[in-house]
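Just one chain is shown here, as structure tokens, and it is the form predicted alone.
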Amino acid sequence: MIRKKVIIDCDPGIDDAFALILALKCEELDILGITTVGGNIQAITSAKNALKILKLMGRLDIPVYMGAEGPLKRKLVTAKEVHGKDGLGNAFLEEAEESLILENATDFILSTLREQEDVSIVALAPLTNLAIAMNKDMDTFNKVKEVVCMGGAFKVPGNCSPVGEFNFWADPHAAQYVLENIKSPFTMVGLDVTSKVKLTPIHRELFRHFNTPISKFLFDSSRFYFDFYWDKKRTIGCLLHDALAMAYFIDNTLCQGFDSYVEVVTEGIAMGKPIADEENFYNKSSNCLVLNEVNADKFFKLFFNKVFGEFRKDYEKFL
């Protein structure tokens, strides 16, 4: 089996944690490193949380590199109210040695792309690290095989402004810079598809009954997420934005979309909004695959089969 080489850029984050656990359970992936950035939480806490997840999964062999502490131009705005004091839903996982955190995520990205072929990036955070790496060495960055990015809201409302999805809204200048200069395939896994992937109380109850360290963490961390969605939206359940992006990288039959030229609004009330020229008014070359359809049932089957496959006979009838 040829394994897909990948760097995961993230800001864990509850849904980042779901995504990382899924990735770490996939034998199809060769995870070369994890890079972190200020986004959901501060960059250092993101790095610590990535290490906590790796420790939980018994994979501290994977290096973690801390990157940008804040956006290119904006002041850092975090989402602690969504993810809790520890960034992981106040699950308070066991700490890993902080000395394991390495510095300079962008240099790691560039050196990896210089030294290895067919390396992809799954970006689950503001695109600051990618923009900095690209600005530092455009030719090397564009050796990336593909970028799968959780970000943006095309035809649905935003989750932090009328039209802004958090990752693009948090650093719109980085998102625009990457899209303006990317030469490799770039896929936008935005709210148009992630808003259709809801973790339900049934899913969460299954975690409790599996009774493993991984399922206990997912159960505990999603409690905070459930409460946030109830308080803010009066909905029962929570959305797994980043986990869908990771799952799509693993199996691109989960979602469909269209190729388009895309720009990101960097200022004003529409800040962070990706404008996709779906009808090709400006006759510009496509720089993005915009996903707008998803098979949510297929996503949950993939997630449970990869992470909890040993319990398949117990959960199959619920999915």
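So that there is no doubt, residue numbering starts at 1 and follows the sequence shown. Source: prediction; values computed, not measured.
This protein has a second form, the form predicted in complex with a small molecule, left out of what is shown; the following refers to that one.
- The contact residue chosen from L127, I109, A247, M150 relative to the small molecule in the predicted complex is M150, the criterion being a non-hydrogen atom within 4.5 angstroms.
- Judged against the small molecule in the predicted complex with a 4.5 angstroms heavy atom cut-off, the residues T187, D192 and S260 are out of contact without exception.
- Residue heavy atoms within 4.5 Å of the small molecule in the predicted complex occur in exactly one stretch of 160 to 168, 178 to 186, 136 to 144, 208 to 216, and that stretch is 160 to 168.
- Interface membership of S46, defined by any non-hydrogen atom within 4.5 Å of the small molecule in the predicted complex, is ruled out.
- The closest non-hydrogen atom of N40 lies within 4.5 Å of the small molecule in the predicted complex.
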